[in-house]
Structures are given as structure tokens and as C-alpha cells.
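Take a look at this single chain in C-alpha cells; it is the form predicted on its own.
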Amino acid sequence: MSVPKIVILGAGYGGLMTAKGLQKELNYNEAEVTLVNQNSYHYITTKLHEPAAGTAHHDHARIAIEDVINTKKIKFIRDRVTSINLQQKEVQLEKGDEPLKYDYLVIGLGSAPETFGIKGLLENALFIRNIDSVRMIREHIEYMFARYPSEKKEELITIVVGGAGFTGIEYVGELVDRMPELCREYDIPLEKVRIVNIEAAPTVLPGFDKELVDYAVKYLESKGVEFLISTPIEECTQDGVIVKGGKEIKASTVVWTGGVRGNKLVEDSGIETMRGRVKVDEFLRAPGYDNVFVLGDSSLVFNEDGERPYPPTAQIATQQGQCLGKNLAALIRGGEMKPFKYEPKGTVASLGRKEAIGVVGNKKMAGGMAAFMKKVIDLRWLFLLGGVSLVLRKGKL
């Protein structure tokens, strides 16, 4: 008698927590669980801004998947998903001759950059996306700085960061920490370096507490960061960016952090999407499909008043995975699923290694205490994934 087949696409926060939940909830013979991921590792997206700036090695942001799952309970396939056929209940992989069949499908394929139609952005900007992209950003900046002493072109040591949301601000904070060391290495006066953070919205960190936003802006400005707020980028060229009004900012490095959209494979599968993301039901199911679940950056979960979707964060994806692991186990056993309810634990944005801002519970915090809390949050994810041993191997305070 065959057992139900569960296929999980993507080993991000949502997919990995679903797999971890299933291996804990299910017995060996209750279901056949397969996890598919393009890489052999999970990368910690909330830490990618550090290796992108060069303040941490990229290995600190990745964890081998087979170190955190039980391969006797979860079959791991390293491959790239090329298509999803919902009618045939199968997934096509790049290297697989035969499609992967499923009874239940979990889609956690992550996101793609949202360019908002800005001309030249995909061709000329760099993106904080994965281990390879952040390594490329760091090496690119170092090469530009290495050229400056002989060429003396100011654009070589000008860095434009597009977007002043969480990723943008955290990346700018890491750049601020990295610049003194980089300038010493290449004999460049620190005051010559330009870091320009450009945001189309009327404020940095839209939707965040104003008092904390003001603290972040004041701190980063004191370190030489220039902010251009309410200033959309209209074009990205090989020479820099052109902002609204036609002003050109020459920069050899443009890093875009201005938003994400769902993975195109989800749109191509025929599932109804909004900007590439799926408005899931209370059980995280795709509309019209009782056996297809969508998590993380590709899902849309609205707040209680139904007016605004929650931002796609690691925190919500983790909770989705924890919920879905239990729900799938209940479903297989003929039980009832429980609706997903997001419970925000607080939000902390780093401004470099020693500074941060955040709200935990009802408490606002800034400075060293917030920076410590950010590290605690990072350690909690490591603990959820691999217990104390992973915290000791990968964690740092």
C-alpha cells in the first residue's frame, strides 16, 4: 500500500521548517517526504548583507542541509525546479528524467527582485540574493577600491544603495563598518568615500516607528551616509543612476535592495498571483488547490483587518513552516488542520555590528541593546534548525 508523497520545493525558512516539523511529527512509514533545493545548503537571508559588505565571511551565512535534516526520514534532492504541473501533480527538475510526483506540494521557492520597471536595473545593478551574489558584490567593491589610487575617479569609491527598507538599511550599516578597514587597505582617505541611500518612499524604513527611524538616520548620517528620500530611481546605467528630475549620480557600484516579488515558476504554474505572490487561505493553501501550499516570499498573508499583507520576512516564513509541518501530519492522519495565525515577536534592524534599532513586544530599543537582541534572534534560528551544536558552530555574539 503506497504512502502519501509530500514534495517540498525550496529549503528557505518556510520549506526547511516544514521539513523539520514533518521529520519530528511523522513516523518512518507514514509519508514519503522529499525536499528539493538548488544548492546543498540553506543560506540565512537575514545575514546576507554582512558578506555583501565584507564584514563577515559568506560561510557564516550558509548551513549544509544534510546537517540539519534526518536523511532517513527526508529524501533530499539537489536540483533546480524547471516547472510545476498542478493538473498532473508533478514537478519537473532540471536533471531529472522523470517528473517528481506528489500528493501534497509545498512551494517555498523564494523570491525574485522587484525592479518596478526601472530601466537598466537588472542589467547594471547588483543584488543581495544568495551566497554567490553577495560574494560578487564584495569582490566588485574591493576591485573598484583597488583601482582608485591609480585612476582617481570618484565614482570608483561611490556606492549607491537603492531602497531604504530593512535590507537596504542593514547593508548600509555594514558598509559603514567596513569602510575604515577598506580605506586603510587601499590607502584611500575615508572622507572621499560616498555612500548614497536612495528611497522612493517619503521615509526610511517605511512603516517603522518614527523615533527609531530618526535614530537610524541620524546615526548613519554621522558616519557619512547620504540619504535621498522621496527620490525614485528612473534608470540604472553602467555609469550609475538617474533619479527623478534627471539628476545623475555617478557610481561604479549600485546595489538594489528595493523589494521582491514571488518566484516566476509559481506564476507560470497557473496559480493566481498578485505581483508574483499567492494570496493563500487560512491553511496556507493556494486558491483552488486543497493539496498545494505556498510559503515565504511567494505567499501573501493579510493582517487581521484584511487591508495590508504582512511583509515577507524570515520570521513569518519560519512560523508558516512550523504550522504547516503540524498540519500536514494531521492531514495525513485524517485529523483537522489549524489555521495559520502570524504572531509577530518583534522586529530588529541592525545598523552595523554594534548598533541597531527595534521593537520587541511593546518595547522600543536602540543602540547596543538592540544590536545584542539582533544577535539573539539570529541564534534562535540556528537553535530551531540544529539545536545547541549548530549554535556553537555557527553562532556568534
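Residues carry their position along the shown sequence, with the first being 1. Keep in mind that what you see is a predicted model, and the values were worked out from it rather than measured.
Same protein, other form: the form predicted together with a further copy of the same chain, not shown, and the subject of what follows.
Engineer: At 4.5 Å between heavy atoms, is Gly224 in contact with a further copy of the same chain in the predicted bound form?
Structural biologist: Output for Gly224 is no: heavy atoms all beyond 4.5 Å of a further copy of the same chain.
Engineer: Please check if Phe302 has a heavy atom lying within 4.5 Å of any heavy atom of a further copy of the same chain in the predicted bound form.
Structural biologist: The answer is no: Phe302 has no heavy atom within 4.5 Å of a further copy of the same chain.
Engineer: Wondering, does His58 line up within 4.5 Å of a further copy of the same chain in the predicted bound form on heavy atoms?
Structural biologist: Because a heavy atom of His58 falls inside 4.5 Å of a further copy of the same chain in the predicted bound form, the answer is yes.
Engineer: Considering non-hydrogen atoms and a 4.5 Å limit, does a further copy of the same chain approach Pro206 in the predicted bound form?
Structural biologist: No, Pro206 is distant from the partner.
Engineer: Which residue, Asp290, Asp132, Glu154, Asp268, is the contact with a further copy of the same chain in the predicted bound form, using a 4.5 Å heavy atom cutoff?
Structural biologist: Contact with a further copy of the same chain in the predicted bound form is made by Asp132 alone.
Engineer: Name the single residue among Met274, Ala146, Ile77, Ile229 that comes within 4.5 Å of a further copy of the same chain in the predicted bound form, judging by heavy atoms.
Structural biologist: Contact check passes for Ala146.
Engineer: Please identify, from 159-167, 134-142, 112-120, 209-217, the stretch that has a heavy atom within 4.5 Å of a further copy of the same chain in the predicted bound form.
Structural biologist: Careful reading of the contacts points to 134-142.
Engineer: Pick out the residues of 331-365 whose heavy atoms come within 4.5 Å of a further copy of the same chain in the predicted bound form.
Structural biologist: Nothing in the stretch sits within 4.5 Å of the partner.
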